[in-house]
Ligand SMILES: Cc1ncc(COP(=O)(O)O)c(C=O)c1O
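Just the one chain here, the form predicted on its own, laid out as structure tokens.
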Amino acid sequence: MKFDNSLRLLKQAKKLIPSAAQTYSKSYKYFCEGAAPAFLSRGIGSHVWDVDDNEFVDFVLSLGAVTVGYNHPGVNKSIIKQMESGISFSLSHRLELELAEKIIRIIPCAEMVRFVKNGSDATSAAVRLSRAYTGREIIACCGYHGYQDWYIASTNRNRGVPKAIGKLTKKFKYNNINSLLTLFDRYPQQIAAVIMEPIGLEPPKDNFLQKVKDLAHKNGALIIFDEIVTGFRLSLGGAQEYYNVTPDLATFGKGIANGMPLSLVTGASDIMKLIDEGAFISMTFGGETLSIASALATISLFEQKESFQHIWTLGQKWIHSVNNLIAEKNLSSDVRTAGLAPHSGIVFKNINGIDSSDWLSLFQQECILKGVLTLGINNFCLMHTENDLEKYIEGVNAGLTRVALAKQQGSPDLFLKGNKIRPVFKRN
């Protein structure tokens, strides 16, 4: 493959745009610069084309925002129909009510809804509501929750955030209830909420989610599920429906509108009503109708029983095939699959004392050369086909074959044609 146009545009973009992209995880730093596309031009179904007209089966899907597929006729029709009537208005639009009613019907914790735009908007709104409701300030968190000050202050990407804010966010470990218990013991009557991704790359063990909820409530704190990733991926009602644990508040985004910008915070009405009582959560484009029309069309597709079954089936086949390839190439001590089928991935260890990102770089490079776009963690959509999956398995086979050879010869550097990936965060 040639990436001449991508590289030309990338050179220009580096001068004008930080990281040459609006999202860290969509930037050239997350791909093998020089041996991967840097700019895409169009998408249809589960396939995308870059500016050099290379075609890829896409398993990144705008970081999970595309859940149905690119250019789905039904979703597009809904957007176009609404566009003919208007986009943003001076008063609320009936579609806001229609979507709110649907969300309340399908999400277990939902009694009232506030629409916003990004995952960071939604999680920050949930945190503000929890502080307003409890009168407390400290937040216990587990997972990634966006770029707003309250969370990012707790990371090493916290430049520009007042240190005082960082003191109000405390982290605990997933599947380790004692790490959360320690926080409640250390900060009695001070923790407003526990916010967490209900599942990352590892499933909850030993009834962990229910234990977190019980511990939070015992100590007077709320429980918030950040379902920006898990929503409309595991089941219609999200991870809370799948695991049968209902939080006080929850946030949804990404795939709710098949790539259109929409997210939400929802939960118990006595908490949500605080938006009318001084917990200020408001934005001009929260009720923008094209995204809401897209969400209604997207959710209607996911209400069909076969939709989630399709995603689960593809994910399970991927995991089974990749586990066989890992064993076949004697890489079981170095590589593993992780996550539930709809959001599964491949995880590399530090091999030969070399950082795991270097090995992922080589794997990704070989997949891309086979026409598969991947970050290592999968997002499946309704328009992925069995042929797409077979192509992906071919890419995985090529990637693991090269990794095994590089391990034998001592370093992935011997086979890298592009730069190594440089992720902003490493997620375990």
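In this text, residue numbers run from 1 along the sequence as written. Computed from a predicted model, the values in this text were never measured in an experiment.
Below, we turn to the form predicted in complex with this ligand, even though it does not appear here.
Q) Of the listed stretches (86-94, 115-123, 157-165, 273-281), which one has a non-hydrogen atom within 4.5 Å of this ligand in the model of the complex? A) Careful reading of the contacts points to 115-123.
(Q) For the three residues 146, 197 and 254, which mark the spot I'm curious about, does each lie within 4.5 Å of this ligand in the model of the complex through at least one heavy atom? (A) Yes, the whole trio is in contact, each within 4.5 Å by some heavy atom.
**Q.** residue 228 within 4.5 Å of this ligand in the model of the complex, heavy atoms
**A.** It does: once this ligand is placed as it appears in the model of the complex, residue 228 has a heavy atom within 4.5 Å of it.
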